[in-house]
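Only one chain is shown below, in structure tokens, and it's the form predicted alone.
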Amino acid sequence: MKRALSDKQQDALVQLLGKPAVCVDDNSRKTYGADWSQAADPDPVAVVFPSTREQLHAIIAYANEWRWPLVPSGGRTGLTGAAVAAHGEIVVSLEKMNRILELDTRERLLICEPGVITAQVQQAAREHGLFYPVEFGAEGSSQVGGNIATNAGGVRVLRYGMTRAQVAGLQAVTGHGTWIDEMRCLRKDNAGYALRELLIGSEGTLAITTQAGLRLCEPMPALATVLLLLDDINTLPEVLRAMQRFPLYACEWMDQRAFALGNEAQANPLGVASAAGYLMIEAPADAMTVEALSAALATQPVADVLLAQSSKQAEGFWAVRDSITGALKPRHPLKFDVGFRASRMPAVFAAIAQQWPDAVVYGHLGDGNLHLNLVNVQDPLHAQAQVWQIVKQFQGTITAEHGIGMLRSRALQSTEAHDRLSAMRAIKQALDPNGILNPGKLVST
């Protein structure tokens, strides 16, 4: 039976934060208790909106006093249920902690609070002639704190790395109520355990971010976009090696079914021949010229090479890739976010095809991330077990970028080594001894 806040407990929250910052109405609870995953029906008892780190610290102390679970909430754009509050938790929305505090152009460093929208960081960087390379579809609503909690990726991971690579400094309050201050923002700092690294990707189960230092970089150069058509997927590792002579900024894969779905969704479909797979690559235009491509692929068995002749044509290539997820929705696929070494991809593809001939596979191949979509699945649990077996067989990961959250928690327990899980639980116990932060997510205690 779900606990309900007593009048005394609700009054204590109001005293900490002020009445406008404590919401118990149905609309607020349903809105802030859910994320994009729809992993469970939201059912928190309240939503609170701290606006300072001191208020956030007070909420942690309150939760420990009353043993009340908290679910940290950012833009709620995750796909694994990490921000879902389904069991009477208090949702802690960080959207009021939304200030950009400093932008140092000499250090190429932006200091901000966790509720800043990703697109606002990108815009602030552009206004100073710089670039923030974390780019993905939800950048208009995702928040920095959520990006850090989930180690968000995107289409530029191949060149710039995931969010982890961009976090120069971090300040957070743990579930125990202690502060972790890693805001020196130094490129070289060997003073003990890398606590910042530990918190990134911990999905709000260890601590809640109160401030972050983000690395900025030079704007991207003008890019050339090429679409390679492969008739034999077994040649993929050799083709990828040949393309390594270019500094790659994106490397996306679409199998035959994925490309067809994305292309059919276009108002003006690309007039491209059918192939076993399609490799879309971006690299600096001054490096990836027609002559350089010809030299790189001279001995490679590529069926066709389509180098975009204009930005409009490049956008057309990307439109196909970006339309696949939406085109798949009517088929209600069973979706997986897995990762493998690029050299093992042909064997992985063969194993997938043997089990599910109509599977749809696409993803960020350059960094080993595949989006596997199974359609017409009669037994989802059996299919999931088969996927996990393929992951273990080829020493992959059950989640390359989306994280564990609520949906992959059991899978983590069944696929990871016992000692590794024990170490995770020990860390959780040390930083959140009462288990108040995001219980039921990532690793169980």
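Keep in mind it's a predicted model, so treat the numbers as computed, not measured. Residue numbers here begin at 1 and follow the sequence given.
The form predicted in complex with (2S)-2-hydroxypentanedioic acid exists for this protein as well; it is not shown, and the discussion that follows is about that form.
S.K.: Which among 395-403, 413-421, 62-70, 37-45 is in contact with (2S)-2-hydroxypentanedioic acid in the predicted bound form, heavy atoms within 4.5 angstroms?
M.R.: Careful reading of the contacts points to 395-403.
S.K.: What is the one choice in His364, Arg196, Arg76, Arg156 with a heavy atom within 4.5 Å of (2S)-2-hydroxypentanedioic acid in the predicted bound form?
M.R.: Flagged contact: His364.
S.K.: Of the residues Lys335, Arg344, Arg257, Arg99, which one places a heavy atom within 4.5 Å of (2S)-2-hydroxypentanedioic acid in the predicted bound form?
M.R.: Among Lys335, Arg344, Arg257, Arg99, a heavy atom within 4.5 Å of (2S)-2-hydroxypentanedioic acid in the predicted bound form occurs only for Lys335.
S.K.: Residues Arg53, His57 and Gln171 are flagged as a possible site; in the predicted bound form, is every one of them within 4.5 Å of (2S)-2-hydroxypentanedioic acid by some non-hydrogen atom?
M.R.: Negative, none of the three is within 4.5 Å.
S.K.: Any of the heavy atoms of Thr325 lying within 4.5 Å of (2S)-2-hydroxypentanedioic acid in the predicted bound form?
M.R.: Yes, contact at 4.5 Å.
S.K.: According to a 4.5 angstroms non-hydrogen atom cut-off, is Arg215 in contact with (2S)-2-hydroxypentanedioic acid in the predicted bound form?
M.R.: Contact with (2S)-2-hydroxypentanedioic acid, no.
S.K.: What are the residues of 84-117, in order along the chain, with a heavy atom within 4.5 Å of (2S)-2-hydroxypentanedioic acid in the predicted bound form?
M.R.: Read in sequence order, no residue approaches (2S)-2-hydroxypentanedioic acid (within 4.5 Å, in the predicted bound form).
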